[in-house]
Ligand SMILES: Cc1cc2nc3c(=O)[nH]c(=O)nc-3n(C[C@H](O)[C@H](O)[C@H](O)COP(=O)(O)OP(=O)(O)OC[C@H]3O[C@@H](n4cnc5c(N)ncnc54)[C@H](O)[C@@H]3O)c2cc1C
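Next up: just one chain, as structure tokens, the form predicted alone.
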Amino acid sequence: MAPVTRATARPHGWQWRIPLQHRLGNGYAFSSDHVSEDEATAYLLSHLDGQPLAEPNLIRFTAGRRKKSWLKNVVAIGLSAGFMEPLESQSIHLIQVGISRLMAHFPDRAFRQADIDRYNRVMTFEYEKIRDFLILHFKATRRNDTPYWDYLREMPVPEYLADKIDLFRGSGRVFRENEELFNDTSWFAVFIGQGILPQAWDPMADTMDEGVFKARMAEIKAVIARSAEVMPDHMDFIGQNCAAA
């Protein structure tokens, strides 16, 4: 059993493959503006590793969020507050952060507007920064084999994301704003993986002695190697901790 989910770009979206103990979960997130439901279903069924165990279940969604997660004495959390492209599987995080932010702003019977407004601001920030990270996966594409990918490559992006791309392309730097979900290593992975390479490096790197730098990198590599040596492999871990009945 592979220890990872596999996401594969397809002509009109992307396909996921999730190894479970009793089956492989497969799905196709596609753009209905660019391919019909029947065509997408047929494409998914023709790109499975084995025979399907059931008929595909069509789930339609409109990406977005509520303008206000909290209105008067009602708070929308999780899917009731919004849903975005599922590529980064952030839905559970948004449930958790919605609850934790509510606890931080929990009202008495007065329901003060200042508490409500601040909750809505921080949740809007959370959604928008996840949105920007998701958009990067598609905007950075170099594919030009279908109108779907042409549209994504040329689409305008939010100012925050445009700035993030320019900063990284200029000097390889990523700045994390106000504890947004995805940190610099996540951004690095998508930037580099999608072919957005920095034209220069962080000038702070020039302040470190080369010998010290090489020693530090060797130390990090050794720590990772030692950690990997004592870890169980994927199937051993499942057998010890969460084997299916």
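It should be emphasised that the depicted structure is a prediction, and the values quoted were computed from it without experimental measurement. Numbers follow the displayed sequence, beginning with 1.
The form predicted in complex with the named molecule is left out here; the points below concern that form.
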{"item": "In the predicted complex, the one of Ser89, Gln113, Ser171, Thr146 near the named molecule [non-hydrogen atom within 4.5 angstroms]", "value": "Ser89"}
{"item": "The unique member of Ile59, Met204, Val212, Ala54 whose heavy atoms fall within 4.5 Å of the named molecule in the predicted complex", "value": "Ile59"}
{"item": "Contact segment among 78 to 86, 97 to 105, 153 to 161, 128 to 136, judged by heavy atoms lying within 4.5 Å of the named molecule in the predicted complex", "value": "78 to 86"}
{"item": "Close approach of Trp14 to the named molecule in the predicted complex, 4.5 Å, heavy atom", "value": "no"}
